Each structure stands twice: as structure tokens, then as C-alpha cells.
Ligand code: URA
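Shown next as C-alpha cells: one chain only, the form predicted alone.
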């Protein structure tokens, strides 16, 4: 029989999961050693007992496949996890072996580089724009799709909008090597008959390419994500009737990861208003606070009109 201490641990775990489920949380990262701690008392009690304890009938099961980490907790049908607000709780990050993470990341990159799922994009691209930065980053920026400069260089956000994003990242106290930057699409949307300009990815193109980004997110396990512009928001949480203007400044949830929607840097290039720049910077201050990063008085004063 399992010890009283073990049963108390199991009951406390079940209650905690039930509480998260009631709050609308749909994704709970779980460390392997946490699973081992739950299973260990049962393994040593009797060889004939099952490896995973069977909870009472009125309790949901907390068991998970041995190789499945993180673990998903289903939300009630009335709650849409992708659009639910995030509570002020930082999701735990699973412990992944750095060598294994990088190997998996490289394998994913190689698959993406030869992808031809969208024949029109594969035929028109110069190269696939996989992503750039630290595969173990706590902060992930997600944009729409590569432009002409990105298509030529093979790196996201290197054009005029990318240079502005780099300035924002530096003002936050990071470098591009410390965070990660990716796009909803890995290929530049083709523009038949046009010598310049960009177009928005189609819903089919986004649905076809998003699995690559989802795998990147699962491997990076960022603590916070930033969606740059309406298309990035749509690609991550689906079509919404609420525009960026009303969404920005409020936390959304992407599979348990806090997601901050904000304006795309290209919008800031078109709109040089100090007030708009300040709105984006206020979003970045919220990101820094969520990450627990210190914020200097100088940072808090950026883009404020002189008194």
C-alpha cells in the first residue's frame, strides 16, 4: 500500500490541477523528476502494483505517458485556452538536456529548409527563413512572414522593420542573441507580377507552416512571447474580431505561455507618432515585468513627452 504521505502528495497534486483547470489553464509544463517523485513510492511498495496510481472515481487522472513532458490539462469546453487571459503566474519550464534540445532544433531546421508543402512559396523563395537567436531563450518574438531582405539573407527581421525591432530589443536590455525571433511563415509570400512589396499570408499558408513554429516553441519553452502585428496574432490564436489596437497591452494565453500582442515595427515606421511608440514601449515594459527583469527610471521614461 502507498504511504499516507504519498496519498497526501497525490491529493494535493490533483487539487492543484483541478484549480488550474477551473481557471482555464490548458497547458501545464511538468518536469520529469516531478513525475518520478509521484511514481517512485508506488514502484517501491509492491512489484505487483501498477506503475501509475489509480485515482478515485471522482478525481481526474494525473497520469501521463513516461515520455510526455510537458503535460496538457484539458480546459472546460466553455473556455478557449488560446484566448483566455493569463493569470500572474509564470509557467514552469521543463528541464531539457541542452545537447538534446540543440540536436532536435537542428533536425527541425533541416526539415524546414527543404520544405515544399506550399509549392508556390517553395518555387519563388530564395531560401527558408527558419529563425534566429537563442534556442533556450526566455523571450520569443513572432512576426508575420519574411520580406525581401529576409528572403535574401535567410534571417528574420533584418530590413527596416527588423532594425527597429533590434533597437527595441536593445532598449529592453537584451541582444538578438539572447532572445529568439521567428515568423508565422518560414517563406516569403510570393507576389506574382510584382517586383516589390509584400502580401499577407493566406490562412491556408499559415495553417500549413504553423507546425514548424509550434515545434520551435515546444523546444524553446519561452517564458513570454510577443506577437508582432495582427497576422502574428491570428496565426497563434486564430482569427479574432478584436484588432491590435484593443488587444495590445493585455496578456493573452498561448498554450500556457503569456502572450503580449503589440504593433508590428513596420507600423511604427509608417506612424512616427510619439504616442504610438510609447504604447509599444509600455507593452515591452509589461514583458520585462513578467520576466522579472529590473526596469530603470530611464527605461520607464522612454517616449514620454517632457513635463
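Positions refer to the first chain, counted from 1. Bear in mind the structure is a predicted one, so any value in this text is a computation, not a measurement.
The same protein also exists as the form predicted together with uracil; that form is not shown, yet it is the one meant from here on.
May I ask you to state whether residue 147 is within 4.5 Å of uracil in the model of the complex, using heavy atom distances? Output for residue 147 is yes: heavy atoms within 4.5 Å of uracil.
At 4.5 Å between heavy atoms, is residue 157 in contact with uracil in the model of the complex? Within the cut-off, so yes.
Give a yes/no on whether residue 255 approaches uracil to within 4.5 Å in the model of the complex, heavy atoms considered. No, no contact at 4.5 Å.
If you check in the model of the complex, is residue 143 within 4.5 Å of uracil, heavy atoms only? Within the cut-off, so yes.
Per-stretch contact check against uracil in the model of the complex, the hit in 108 to 116, 202 to 210, 147 to 155, 216 to 224 (non-hydrogen atom, 4.5 angstroms): Of the options given, it is 147 to 155.
Heavy atom within 4.5 Å of uracil in the model of the complex: which residues of 258 to 273 meet that condition, in order? Result: 264 alone.
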